[in-house]
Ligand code: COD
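Given next, in structure tokens, is a single chain: the form predicted on its own.
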């Protein structure tokens, strides 16, 4: 089967034939139908996120179950699934307390499946899996907990976004930060995940949602997803602009979805007394931020992270699918471009240019 392989940082993905082993016990083989071109893959391509190479990228996928390994009970052949990049055990402290996204048995070794081995090979050599999914491929093998059953009538080229961008963004607003009705929000970074933070805040009932981005086309996207105001830091100093819009107080909830030290510190400064600032994006390895610790005590500000929108995959992902099918969640509006696997590098060129909200890679 064909897959997109990264051999060296800073080089294009290579679409080529690989061998895929059948699923072992507790695993599922999925024929991938669609996959979003997400910024996390780009972090690996540029070397900002160090991973073992060669590696098949892709993690925002959806498809149809082709085969199940021994002991698999949650899905069967023919089921439609969204892929989750967060395998869970279901029995550790965090899983049993309702926080499976923090599962403590998640393997610490990158590039392999739960048992520490790969299912991908070329000429006898192992190829690594990105994010337990490796979904820039016609087929993939994942742990059972990474195949989330969904309804059969949702288009898979829309369902795939629930596997990362939509769940991460909407979940950050609703699950992690728990944005309250009538509150004020600022979101720095209006790419695919940032747009979903904005729509999550809108769904939660925020009365003022300020989108912050350097690109005017992204600020226009943001209005579609629920932003009430926008700030372009290339035209206005972002911090004074946000303070002016909030009567000098700052916002109740700040979200940072770019993850550079500068923008994280800016989002924290925009956050009001007693407010909560949430880091959603992935920072380059080795990044550090500098904050005055007295601000935490004297102003009772909070700084927290959000991993995968604090998702409970088997609950939240089907729920988001239902919301989309009911017309209460925007996914169609995310899709700027549809491309075949052979043009996956073009999808990332467009992403780097800021020309798209999201591209979707489809498989024939």
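What you see is a predicted model, and the numbers here were worked out from it, not measured in a lab. Positions refer to the first chain, counted from 1.
Keep in mind that the form predicted in complex with the named molecule is missing from the display, and what follows is about it.
Across the proposed site, 188, 192 and 233 without exception bring a heavy atom within 4.5 Å of the named molecule in the predicted bound form. With the partner removed from view, the residue among 282, 174, 239, 114 that has a non-hydrogen atom within 4.5 Å of the named molecule in the predicted bound form turns out to be 282.
A single residue from the set 312, 29, 39, 330 has any heavy atom within 4.5 angstroms of the named molecule in the predicted bound form; that residue is 39. Stretch-level contact check against the named molecule in the predicted bound form with heavy atoms at 4.5 Å: of 96-104, 75-83, 273-281, 149-157, the positive one is 273-281. In the predicted bound form, the named molecule lies within 4.5 Å of some heavy atom of residue 218. Interface membership of residue 337, defined by any non-hydrogen atom within 4.5 Å of the named molecule in the predicted bound form, is ruled out. In the predicted bound form, no heavy atom of residue 18 sits within 4.5 Å of the named molecule. Remark: residue 110 does not count among the residues lining the named molecule in the predicted bound form, judged by a heavy atom distance of 4.5 Å or less.
Taking the named molecule as positioned in the predicted bound form, the residues of 195-221 that bring a heavy atom within 4.5 Å of it are, in sequence order, 212, 213, 214, 215, 218.
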